[in-house]
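Listed next as structure tokens is one chain, alone, in the form predicted alone.
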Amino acid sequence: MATDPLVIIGSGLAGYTLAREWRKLDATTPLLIVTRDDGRYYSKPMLSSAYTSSKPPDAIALSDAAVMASQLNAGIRTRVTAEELDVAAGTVRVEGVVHAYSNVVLAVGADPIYVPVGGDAAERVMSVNDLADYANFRAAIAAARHVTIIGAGLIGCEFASDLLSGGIASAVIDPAAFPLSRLLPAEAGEALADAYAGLGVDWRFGRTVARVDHEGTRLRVTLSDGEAIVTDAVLSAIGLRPRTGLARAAGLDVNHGIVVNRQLRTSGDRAYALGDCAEVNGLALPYVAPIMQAARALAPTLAGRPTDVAYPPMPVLVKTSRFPVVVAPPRPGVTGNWSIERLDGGMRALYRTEDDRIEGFALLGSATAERQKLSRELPALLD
């Protein structure tokens, strides 16, 4: 009797890393990877820092779908949609064809968050969430002198830094009072803003974008306070929302992301999730390190050896090359206070509890050299 395949839905870092790790443990069980993309393997975090290095999309991709299929001994169906997941029957329908599976893994990623704006050029607002988006963005800014970025979070800051290094000025719009407001204490965010303002980034805090209109061959971005910016391109970098539609329609538990336990199990039998779409034991961590940890734990589970994922301290490196930032946010629910120390060329911010334990840190500029030392003092996120 033929063995039903392991089906992985998604060909991003999560899906392909899991497939590699699982193939180390199981070389014979059939593997089917289903993706709505073209199946190229690449590092998505490079998209926000590739402009300066002049890397076109084809140079970012490390392997195409055919190479990955050969390496993984897998069938890879590209540019198709998983239409229905039936966890009771153990099947997934893809473009009208029903596939039985031994296990299914949702590694479907996340979609950019869009905030509707008015104006006759609203459709010109771009986002970059995959290689195709990146190709469109590079084409749009080929002759650009200025780009307006909506969002001063991690991705927005990284794009502003990358464009600046490539000779393109930017204005960054955000309703918060400082950049990286969800990750940094105010003093650290203000230090980052000051550093990049001195290099030419035009921060517009406490405001949102109301309209984007044509202005000859350029664009006019009107802010919520009535101010206007004339620019060559508009990039939305507000954040990502986990793709949960397939899981929700299948009756799986969904909160912010697809709810899974420490073995990456969903509420459905033989159904798992990892990566940007998953909420692991209450934690939604859309970063590379947690994805790698999850894939390395899920592979043995799928191979018959149930394994809990462990999250050691995993500081986030923000790619703001002119003034680097490393941040390890405190664990959810832990109370404490930030202590700030300004250094020559940088800043050290430590999040301490009442009993003086370090629960998080933010290191800027010269202080980033302390990352490894301070990481050893942090508790694990999941141990």
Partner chain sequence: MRRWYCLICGFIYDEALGLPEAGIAPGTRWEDVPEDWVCPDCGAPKSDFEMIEMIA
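Residue numbers count along the first chain shown, from 1. In this text, all values refer to a predicted model and were calculated from it rather than measured experimentally.
Below, we turn to the form predicted in complex with its partner chain, even though it does not appear here.
A residue is said to contact a partner when one of its heavy atoms sits within 4.5 Å of a partner heavy atom; Thr17 meets this definition for its partner chain in the model of the complex.
At the 4.5 Å threshold, heavy atoms of Ile358 stay clear of its partner chain in the model of the complex, well away from it.
The shortest heavy atom separation between Val87 and its partner chain in the model of the complex exceeds 4.5 Å. Using a 4.5 angstroms limit between non-hydrogen atoms, Leu13 touches its partner chain in the model of the complex. Partner contact region in the model of the complex: 315 to 323, out of 332 to 340, 346 to 354, 315 to 323, 27 to 35, criterion any non-hydrogen atom within 4.5 Å of its partner chain.
With the partner omitted here, the residue from Val94, Ala135, Ala289, Ala176 that has a non-hydrogen atom within 4.5 angstroms of its partner chain in the model of the complex is Ala289.
Taking its partner chain as positioned in the model of the complex, none of the residues of 195 to 224 brings a heavy atom within 4.5 Å of it.
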